[in-house]
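The chain below stands alone and is given in structure tokens; this is the form predicted alone.
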Amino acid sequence: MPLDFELSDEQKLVRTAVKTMLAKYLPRQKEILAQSRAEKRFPEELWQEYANVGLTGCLVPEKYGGNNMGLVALALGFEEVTYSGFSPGLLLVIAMDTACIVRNGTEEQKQRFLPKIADGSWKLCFAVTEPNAGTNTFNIETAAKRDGDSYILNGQKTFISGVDSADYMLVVARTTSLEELKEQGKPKSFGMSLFLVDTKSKGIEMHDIAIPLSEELNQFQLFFDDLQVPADNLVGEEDNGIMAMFNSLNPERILAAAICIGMAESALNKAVAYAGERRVFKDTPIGAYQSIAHPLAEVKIALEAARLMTYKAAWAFDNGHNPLEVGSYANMAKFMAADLAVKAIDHAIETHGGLGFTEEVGLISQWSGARLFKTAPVSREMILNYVAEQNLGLPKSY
């Protein structure tokens, strides 16, 4: 069967619909972003627009109120949102939770959560990172112990995005401790479980973490003190949550790549437009000079490569490929796109000269956001470790 790189009419419609929806907000963009930055809250009017245009329902099957367009369509929507200068915000973490519930949740969980996710009435976030377990998720210490019809959670999480706006969070906890695993001779990858936790539950303490790069999402350190979670809110099997977690982490990295692609294309187009008009010596636009043109041409080439890798990763996820295979594509896409975004914006700043540092052009704020994605949600160094070990078969270095 021949390869087909053509997007479907439905997928193209997603991009068009998002672009049309955002067009009416462009005249108020600076006002909306300033308010979002000041209040550290995602603009509610934009949130409902995202739901109405179908972005919250892309990963939700039609029987639960979604449109089931898939991750490729959602990635296209993310590209367009970011290209237009807005942020997908909580859409990213909600997509992580949605994918996990769809692929690992019980029928009761799907009926309870997915319709409210699809129509935008419920927001969710994801809680895995801990002070002593950042990139190394296997070292998480938050414990969940069965107690009748409930689990009791104790521990802490850090850098949890948007929990103050979320109705529920998907929490990764250990139902078998590292010490117990060692005694049983089992690997660290065993013993983790996922829980849907009501953010209004008693036993959750939140502390804001000041991070100026996350414009509309607060970051939090969370403390769980005898937090009671209904046993019915366990997603997947107890102790076997690792593969279910991949069904969250893979979409996160793919959508992070889509965000970076949108930022890179936006910066590139700004630079090209300016280089085609700006004249410094005689009557020749600066875009005629190879020192300006060649870096931008390199960005264009890298942009097309990163976009293809991102679509391939999203396509593999949509088609139910093995999570480890999808993980390889997702990591590669995120690596390429994050590096590209920083490079594209840096070249755009250089093209604009002094104007590149002004708020009016907006490249500096873009650069800050792009730089964040070189480190989050997984650092480029850990991606290189992953590829070296998993794809090249080289010895583990850590």
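All residue numbers refer to positions in the sequence shown, first residue = 1. Worth saying up front: this structure is predicted, and the values here are computed from it rather than measured.
One more form of this protein exists, namely the form predicted together with a small molecule; it is left out here, but the text below deals with it.
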query: Would Ile160 count as a contact of the small molecule in the model of the complex, using a 4.5 angstroms cut-off between non-hydrogen atoms?
result: yes
- prompt: Is there any non-hydrogen atom of Gly353 lying within 4.5 Å of the small molecule in the model of the complex?
  reply: yes
message: Can you tell me whether Asn385 touches the small molecule? I mean in the model of the complex, with a 4.5 angstroms heavy atom cut-off.
response: yes
query: Hey, in the model of the complex, is Leu372 touching the small molecule, heavy atoms inside 4.5 Å?
result: yes
- prompt: Heavy atom within 4.5 Å of the small molecule in the model of the complex: which of Ala99, Leu234, Ile140, Ile292?
  reply: Ile292
- prompt: Of Pro230, Gly155, Gly203, Gly134, which residue is found within 4.5 angstroms of the small molecule in the model of the complex when only non-hydrogen atoms are counted?
  reply: Gly134
statement: Partner contact check in the model of the complex: of 187 to 195, 319 to 327, 282 to 290, 305 to 313, the stretch with a heavy atom within 4.5 Å of the small molecule is 282 to 290
- prompt: Would the small molecule in the model of the complex be within 4.5 angstroms of a non-hydrogen atom of every residue among Ala127, Gln219 and Arg278?
  reply: yes
